[in-house]
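The chain that follows stands alone, in the form predicted on its own, written as structure tokens.
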Amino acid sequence: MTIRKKKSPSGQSVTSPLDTEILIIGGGMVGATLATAFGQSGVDVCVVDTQDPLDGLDAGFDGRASAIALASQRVLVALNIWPALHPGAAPIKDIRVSEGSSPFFLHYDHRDTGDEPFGYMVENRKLRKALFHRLQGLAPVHVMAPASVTALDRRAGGVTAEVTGVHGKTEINARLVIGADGRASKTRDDAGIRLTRWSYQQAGIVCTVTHERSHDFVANEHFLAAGPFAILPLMGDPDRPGHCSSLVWTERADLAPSIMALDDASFQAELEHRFGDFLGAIEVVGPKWSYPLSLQVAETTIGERLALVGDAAHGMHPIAGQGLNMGLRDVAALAEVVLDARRLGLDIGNAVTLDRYQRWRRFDNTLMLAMTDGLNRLFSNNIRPLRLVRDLGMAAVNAMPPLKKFFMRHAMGLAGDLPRLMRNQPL
């Protein structure tokens, strides 16, 4: 897809309108994956993103890593994104949940459900890089970045957008617009879609550590009074795999700035106090980041010729590492709905097509938002009666194999009404 230039009467270069089937606003991990799904299926797509894609590939841009559940990994495999990620992806073989100094714990072993891991830990920067190169190889996909949508007209007959970028203004005509522009989605707000939101008064402190002993690819979720302290396995040095982890340290929002301001030695001491010595000596490597934690959900995920995906539709606490996975479920479901309508010769942006997407995703998203919110509220305190309930609950689940398998399938993303891509079936 190319942008055509013509001369105005004054002799200035003017961009001719660009006609496409789908306009995706937001080229992050969810938006780029959705563009890949459409582009791989031969659908013309234009992606507009305010961020220069090369900035997201820098090691200092985002220090987070994402848990890619097994069902989500199948999406990346089907879209030919996974081959670029596989060498550095750390399998999550076991999950261990514990609380404070309690002797009770919950242990999930992947061998109880088969040979495949629960999922994989992938650094966000590496996923962005894989998506960047994948999109470059798809002729139906045109990326405009850095650029922004400065006007958007959605009507019964189609969508017209004015996009302003480094080369001036471009008019884009499409059948459907998709908002994938994150928690602060301008697309959602401009559409008048209301948002329910509350802050957890918590911040997530993120950093990477190396450790003396191997983590054996076990993900540890350790609950402290301020919130969960997650130790997530990374591949690390190829010559010494298993000796590197990503940390998501939940802390009170009023204390997080002071912790982030500590010198290296003091920060290390605070970290060691919470981390423990089960992996031997630890060392922080690279920079540290801090992010406010909140829950938010859009009142609706559709409008006239509009669909919302990922954080534009829902944002949750990272307690279960499901944020990106829910976004990839949106991708798989929306791509399937749109492509099914297109094959039947139907209007891909009509209300019937979009309503099918919303109905499919509503229950799943609501359930996950409620679950993560409830878990955070249950565990982020030091109230003695609740501690007893939590301990007994973990012990009971750990002693009941059928119930454990049910929760393990949820962790793998294999529960519920799965889109084709998550069932190893083609779009």
Partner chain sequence: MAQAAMKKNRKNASPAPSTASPDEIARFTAMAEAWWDPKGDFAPLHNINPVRLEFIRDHLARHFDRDPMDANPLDGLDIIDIGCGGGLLAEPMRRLGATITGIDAGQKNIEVARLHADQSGLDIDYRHQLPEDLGSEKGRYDVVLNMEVVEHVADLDGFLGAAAGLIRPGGAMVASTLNRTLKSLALAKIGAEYVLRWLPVGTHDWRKFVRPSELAAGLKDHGVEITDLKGMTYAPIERDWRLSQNLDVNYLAFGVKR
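It should be emphasised that the depicted structure is a prediction, and the values quoted were computed from it without experimental measurement. Positions refer to the first chain, counted from 1.
Note that the form predicted together with its partner chain isn't included here; everything after this is about it.
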Subject >> Heavy atom within 4.5 Å of its partner chain in the predicted bound form - the one residue of 285, 352, 184, 166 that qualifies >> reply: 352
Original post:
Using a 4.5 Å cut on heavy atoms, which of 253, 224, 346, 260 is close to its partner chain in the predicted bound form?
Top reply: 346
Subject >> Segment that reaches its partner chain in the predicted bound form - one of 290 to 298, 338 to 346, 72 to 80, 264 to 272, heavy atoms within 4.5 Å >> reply: 338 to 346
Subject >> Partner proximity in the predicted bound form: residue 62 to its partner chain, non-hydrogen atom cutoff 4.5 Å >> reply: no
Original post:
Would residue 44 count as touching its partner chain in the predicted bound form under a 4.5 Å heavy atom rule?
Top reply: yes
**OP:** Pull the contact list for 212 to 228: residues with a heavy atom within 4.5 Å of its partner chain in the predicted bound form, in sequence order.
**Re:** none
